[in-house]
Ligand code: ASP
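Below sits a lone chain in structure tokens, taken as the form predicted alone.
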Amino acid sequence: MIVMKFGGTSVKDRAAIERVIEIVRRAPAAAIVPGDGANGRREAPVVVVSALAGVTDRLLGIAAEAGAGDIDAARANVRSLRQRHHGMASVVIDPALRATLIADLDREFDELDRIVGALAVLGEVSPRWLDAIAATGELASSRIVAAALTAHGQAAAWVDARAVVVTNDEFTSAVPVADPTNAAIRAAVEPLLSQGVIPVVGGFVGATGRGVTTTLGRGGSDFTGAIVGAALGASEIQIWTDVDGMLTADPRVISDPQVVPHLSFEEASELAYFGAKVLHPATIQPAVRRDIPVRILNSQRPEASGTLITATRPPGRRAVTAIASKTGVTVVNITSTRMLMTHGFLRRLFEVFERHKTSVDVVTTSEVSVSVTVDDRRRLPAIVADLSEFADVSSEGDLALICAVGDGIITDRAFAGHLLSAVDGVPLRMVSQAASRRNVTIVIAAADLPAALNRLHDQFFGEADDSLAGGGLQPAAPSTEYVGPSFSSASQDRS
């Protein structure tokens, strides 16, 4: 059994959903389960879908309008989204099924309209109500896909994600609770699979044990796909997007990025952590724990081989597998002449970031100072104030981060020299190598990013330096959406 997760651009309009229907129909890993004589049946895949492209952003905008008391604007946007989803229902060619679908969609949007009206009166939107609004996109899109599959001859059933993904109550970034989630998924999905029915689940969405709607954070549809795959022991988890796979660098900066055909789990985890848009950072973890391969595929070019992620990959001649980059980085420098030999200093320092729920990406230390990078500045003034109680603190913004990732870095003695020579003349704010030795990160001025990234890409992936290059990389197909390892902007194909 395979899990097939389709992102927002893969279900953005009627033509896109019709492509999804054909992809599911042809799913090569949807095996034939033996039966008596010719009575074997096709084992159904599980389908997980994001909201239609752009819908989650529209819903968050509606929440902001309601919180600001602009009820007319909020309700106008609710009507617009309702009409868009009604239009998408035309993909359901059976009139009776289409009428049922529209009624189901109307219930979702009636509830959304009710919430918007209440929040406009309250004048604020709590994280709990923000999740209730944001979940509408996946609840609606998954109903459309389930009905569309059935109408086109592939028996499918809608599975309410709120009934199977049990989370804590950290609204807007809820964490699934493993045991009840696994039990609920198996109870809801396995009977459908045993009947050859395709379960269709909205990604991104869950609920607390008390049934209160939650979301898993932006990009959480990938996470849902992995959670479902792990619970069911899937043979493969497929992430269907709109490019041919993981790219060697950001094509908005690099003119000739290549598709990486094969990644190890460790490489993919590093790239996901540093913002690879094709994967939610948490996606890979359930797959790693259950050793389930993850394949990245293009719903607009399903014949492309994509990128396969497994526990190990064949060795190549390249030291670097891909180069991650992001802008909007801030370095926070914490200095204390009392730090040397002081027990508990680092614990106290990182407790400040934990208290303010701000993640740290890169850390460097010396005897009297610590420097860290963050890309979320919202709580920076409070963080600086708390750190200043026991250290001297300064911060520097308008920086960029470049991270070279690859299993080959571990054994390539010349790697550091090649990297540093490629960025010769570029002032380095920080340099850090992870404990795994699979990545080296540099922090530079944001203005230097295009030149530095192009020089690094030429060094490690250029045709002229085949001594550093391995075979098997493929030219990247043109795309409007970047899903390779870059932090710089959110993709529409994410929830």
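If you're wondering where the values come from, they're calculated on a predicted model, not measured in any experiment. Residue positions are given as counts along the sequence shown, with the first one as 1.
One more form of this protein should be noted, the form predicted together with this ligand, which is absent from this view; the next part is about it.
Here the chain stands alone, but in the model of the complex its contact with this ligand, taken as any heavy atom within 4.5 Å, falls in 212 to 220 among 361 to 369, 116 to 124, 212 to 220, 403 to 411.
At least one heavy atom of Glu138 is located within 4.5 Å of this ligand in the model of the complex. Of all the residues from 52 to 87, the single one having a non-hydrogen atom no more than 4.5 Å from this ligand in the model of the complex is Thr56.
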